[in-house]
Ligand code: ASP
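Take a look at this single chain in structure tokens; it is the form predicted on its own.
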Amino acid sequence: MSKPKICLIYTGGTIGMIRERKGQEYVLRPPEDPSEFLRYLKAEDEIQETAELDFVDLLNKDSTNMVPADWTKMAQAIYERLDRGYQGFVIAHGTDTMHFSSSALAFALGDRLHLPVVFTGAQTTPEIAHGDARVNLLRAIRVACEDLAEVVVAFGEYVFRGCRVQKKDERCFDAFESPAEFPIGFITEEILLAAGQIRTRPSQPEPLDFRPEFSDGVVQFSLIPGLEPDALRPVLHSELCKGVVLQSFGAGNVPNGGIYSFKGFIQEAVNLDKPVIITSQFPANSTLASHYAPGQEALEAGAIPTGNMTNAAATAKFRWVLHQVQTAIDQGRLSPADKLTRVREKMGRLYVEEMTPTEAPRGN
């Protein structure tokens, strides 16, 4: 029997880094030649038993330096190879921003994706014999062979929906979690996927609704006690700022008392045609319906809730939506006066199961 054909896209991260001595200390650096990635992992023999692998040296970055243009580049690399007979794609990526990239690609590739795109990475470099670099790659390749048709993160023992995951630990091998949704799969001797909760490969794939561009100019402020909105106003008024993410306390609660109230800040942003979305530091709690006055007043001032999306998913979706809305304005398909309304509508729509369905409309 022929083995499934998998495309492995290398973008950097600890999973492929080299440890070298500098003076009395060791430092980690990306490999000078990423094509040696599989040799560093010493995984070639095991991979050959599972799949026929094509290697794409796309990026060679610490994921701390990933930017939205890199999300677009990853999405385009997959889109250009969809008709080459691959069973699935694996993206080797650094862990620090993997949840942002997996969320972004979920939106870019859309809900007509007909095969798996599997992100993975590692907490240790390849030379650590008991580490997770080699095993995570092997597991991700196995997941990419499954009857699955969405963007996921395979890490440790779990398969997570790509737009539902966030990093929770810097050292432990179970580095990721999905706080508002159970994992959609478990990695055991077999790959156990949650029947009825995942998108599977369609018998007749439809063309993708491929929208890989993301806006720049998004700024995020994580709320802390005593943060003065006046200190942030120069950023709000900058021409570079096109939208604001307020990462709130609890279930969407935003300070509303005295000089620390963000109500005026939000209203000012709205008057400048700069949308403000509210995310939570605890995404298992919904920002759609805060029962507390601080949360209600933020929404009344014009802030846009994001349900129980993770901060990474909400931010990636916000950039994705802003680009589409601005493009429609630039092309004369949308009046600038309708910008905030359209951003609100699209942020409230469900595209790739990025939040728990309520009465949110789907698509478009």
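Bear in mind the structure is a predicted one, so any value in this text is a computation, not a measurement. A residue's number is simply how far along the shown sequence it sits, counting from 1.
The following text describes the form predicted in complex with the named molecule, which does not appear among the structures shown.
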Options 74 to 82, 122 to 130, 232 to 240, 253 to 261; stretch whose heavy atom lies within 4.5 Å of the named molecule in the predicted complex: 122 to 130
Is there any non-hydrogen atom of residue 178 lying within 4.5 Å of the named molecule in the predicted complex? no
So in the predicted complex, is the named molecule close enough to residue 62 to count as touching (4.5 Å, heavy atoms)? yes
Verify the contact flag for residue 95: yes if a non-hydrogen atom of it lies within 4.5 Å of a non-hydrogen atom of the named molecule in the predicted complex, no if not. yes
How about residue 17 - does it come within 4.5 Å of the named molecule in the predicted complex, if we only consider non-hydrogen atoms? yes
